[in-house]
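Just the one chain here, laid out as structure tokens, in the form predicted alone.
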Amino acid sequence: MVNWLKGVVVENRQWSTGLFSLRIDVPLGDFRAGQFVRVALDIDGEQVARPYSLVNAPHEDFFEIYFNIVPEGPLSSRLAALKAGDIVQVAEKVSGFLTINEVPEVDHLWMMATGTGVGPFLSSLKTEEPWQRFKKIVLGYSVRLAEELSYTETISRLLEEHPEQMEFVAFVTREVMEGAFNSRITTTIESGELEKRVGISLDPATSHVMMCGNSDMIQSVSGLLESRGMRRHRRREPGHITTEKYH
């Protein structure tokens, strides 16, 4: 039985066409950076809920979800229309294993995101744990159009705070943007361009890869990594690839 909490929208921000974030005032308990929560609205007499990763870090005094409008989806367009003061339902239980404490001891952490999948990684990167554990952290962020690169201020601040440890790589697949790869993540792994850009290799002896976003990206990148001797991470069998299961 899910226990639902009353959440009050504090801010609705539209990042670009179809991309929004909501800051919500809700009495959630403790959680780990990178986890997700279910958010719901009553629609036509029925409660409709979906899982959304939290973008905020545990020490921040707000809760934030980042999402895209799903065509024909019953919930996302209604969430996008909410205003400050509107009410949403938030599940009391926070879930998920896309968290830094689940990652084995390695030198290099790779975070590969498409679209709104960057959210849980930003949550983790705003904490101290990853910077205390890894020599190098690579954040790869893939979108279709340059306007869809959200949270650039947060990313720039992280780069300023950790200039020696952090590498940021943008992928913009449908238009040319200076400084970004005009290709998919998989293409740059196959060609070796990604590793050349950041100056380290995707080696199972030194690397762990976390992925969030489009299922096709996750499947394709996983296949490339597995061909290099990397395998999915499990608690009982430590590996090199971590993804999230939202259902």
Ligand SMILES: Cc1cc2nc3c(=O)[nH]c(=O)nc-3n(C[C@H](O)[C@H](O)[C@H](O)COP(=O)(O)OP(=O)(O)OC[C@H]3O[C@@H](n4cnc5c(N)ncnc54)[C@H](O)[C@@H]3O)c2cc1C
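In case it trips you up, residue 1 is the first one in the sequence shown, and so on. As the structure is a computational prediction, the values presented were derived from the model and not from experiment.
This next part talks about the form predicted in complex with this ligand, which is not shown.
Heavy atoms within 4.5 Å of this ligand in the predicted bound form are found in one stretch of 65-73, 195-203, 178-186, 216-224, which is 65-73. Taken together, S21, S123 and Y151 are entirely out of contact with this ligand in the predicted bound form: none brings a heavy atom within 4.5 Å. This ligand in the predicted bound form comes within 4.5 Å of no heavy atom belonging to P58. At the 4.5 Å threshold, heavy atoms of K245 reach this ligand in the predicted bound form. Among residues of the shown chain, S53 is one whose heavy atoms approach this ligand to within 4.5 Å in the predicted bound form. Of the residues in 113-135, only T116 comes within 4.5 Å of this ligand in the predicted bound form through at least one heavy atom.
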